[in-house]
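Just one chain is shown here, as C-alpha cells, and it is the form predicted on its own.
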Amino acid sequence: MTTLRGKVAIVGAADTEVGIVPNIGATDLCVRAALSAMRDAGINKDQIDGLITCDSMAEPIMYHAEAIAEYLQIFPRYCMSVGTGGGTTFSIMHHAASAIATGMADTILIAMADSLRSGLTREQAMLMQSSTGHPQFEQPYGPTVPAYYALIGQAHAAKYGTTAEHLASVAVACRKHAALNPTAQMREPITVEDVITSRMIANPLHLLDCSLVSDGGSAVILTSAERAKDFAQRPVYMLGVGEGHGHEHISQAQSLTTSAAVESGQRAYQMAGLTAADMDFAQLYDCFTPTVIVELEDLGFCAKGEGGPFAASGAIELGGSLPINTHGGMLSHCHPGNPGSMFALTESVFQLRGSVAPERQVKGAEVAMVHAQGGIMSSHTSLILGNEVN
C-alpha cells in the first residue's frame, strides 16, 4: 500500500492577531496570514504553485481560493476551497499531501481566516448557530450548536458517570496554557468552580465549557520532504494521517459517546507506525469540553469511560503525561469558526521546532497527535507530526 509517511513537510507557519480584530476583515486576515507564512518559510509568492482556503462566514466569496489567489497575484496550478466544518484544516492537509506526493503541486499554501466576532451581527450569528441541524428532523425543535454538543455530554455522563467537574478540568487546563501564551484571547486564570458556576448554556455545558467566538487567520506551507531541507525553517514532517466519517447530523449518529476519531486515529497510527503512547503532546479539537473527553478515549490515550478522570488528574496539563492544546485551544486561545484548528496546527509546528517560550515548551517534544473534527462530531481527521522522519 502506498503511504504518505514522511513524504511531506510543513516549512512555513504563521498566525495573525486573534480575538477581537474590528478593523481588519476576514479576507485581509487570510492574506496577512498567507504573507506571514511565506516570510516564515523564506520564500516569495512566485514559489507557491498550490493554494487552498476555506470560505468565510463573515465575508463569503463564491470562488474563495481563486479570489485569494487573485488578491495575492499568484497563479497556482492547484487551487481549491474546502468546507468540512472545523476539521477542514486537517482533512485538506491529507489531500494537499497527496497532491504533493503525486506531483500536482510542489509547494502548497493553506490559508484560512474568519471574523466571527467582529464581522457578524448577533442575529447573523444566531442564524448560523440555529441552521446547523437537519432541516426536517432537528431544526424545527429549535436547538443551536451548543445543544447538540450537550447531547454528547449528557450521554457520556449517563453511560460513564462523567461529572461537571471532569468537563471543567478541560477548560481549566486550556486556560492555564493560554495564560502562558501572549497571543491568546483569554488569559485570565479560571478554576473548576469558576467553570461550573458560570452561566448555563445547554445542560451540562456552562459558558466556560464552550469555545470562544473570535476573529483570526492562520496559514501553513507544505512541500515534499526532499525539498523541505532547502527552506529557512526546520521541517515538521507528516508521519501519519487518517480520516473517519460517521454522519452529518447528530440525530443520525450511531453513538453519542464513541466517534469516528477511533477510525481516523487508528489509520494515522498505522501509517506512522506509532501508538498513542508515543505521542509527546496532543492538540485536540475543543469546541466544547465533552469533545475532548471523547477524543482522549477514542484516540487511545485512556480507556473508554476514563476520559473524565484522566483529564481531572492533571495529565493533560503542561508537565503531565499528555499536555493538550498548549496554545490554549479554542476554549481560550481563539475560535474563528472553520479555521479554528489551524492554530492547533501552527502551535504544533512551533512546539516541534522548539521555538515557543520556555514556559510553554513541551520538553523533548518530537512527535504529536493533532486531531480535529467538523460538524457535530461528524468528520474526523488525525495527523501525526514529527520533527524527524525516522
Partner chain sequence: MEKILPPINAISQPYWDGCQQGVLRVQRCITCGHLQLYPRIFCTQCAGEDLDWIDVSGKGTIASYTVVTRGISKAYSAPYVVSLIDLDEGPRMMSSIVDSDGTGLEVGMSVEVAFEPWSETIMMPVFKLL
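Positions refer to the first chain, counted from 1. Bear in mind the structure is a predicted one, so any value in this text is a computation, not a measurement. Superpose the two forms; the largest set of C-alphas matching within 1.5 Å is the rigid core.
Absent from the display: the form predicted together with its partner chain. The rest refers to it.
- Taking the partner from elsewhere, A147 is found to have a heavy atom lying within 4.5 Å of its partner chain in the predicted bound form.
- Although the partner is absent here, P189 lies well away from its partner chain in the predicted bound form, with no heavy atom inside 4.5 Å.
- Its partner chain in the predicted bound form comes within 4.5 Å of no heavy atom belonging to G273.
- In the predicted bound form, its partner chain stays beyond 4.5 Å of every heavy atom belonging to Y71.
- Note that among 154-162, 258-266, 83-91, 316-324, the stretch whose heavy atoms approach its partner chain to within 4.5 Å in the predicted bound form is 154-162.
- The single contact residue among Q129, S198, S224, T183, judged by any heavy atom lying within 4.5 Å of its partner chain in the predicted bound form, is Q129.
- Note on contacts: among P309, P76, P143, G300, the single residue with a heavy atom within 4.5 Å of its partner chain in the predicted bound form is P143.
- Superposition on the rigid core between the shown form and the other one places the CA atom of R199 less than 2 Å from its counterpart.
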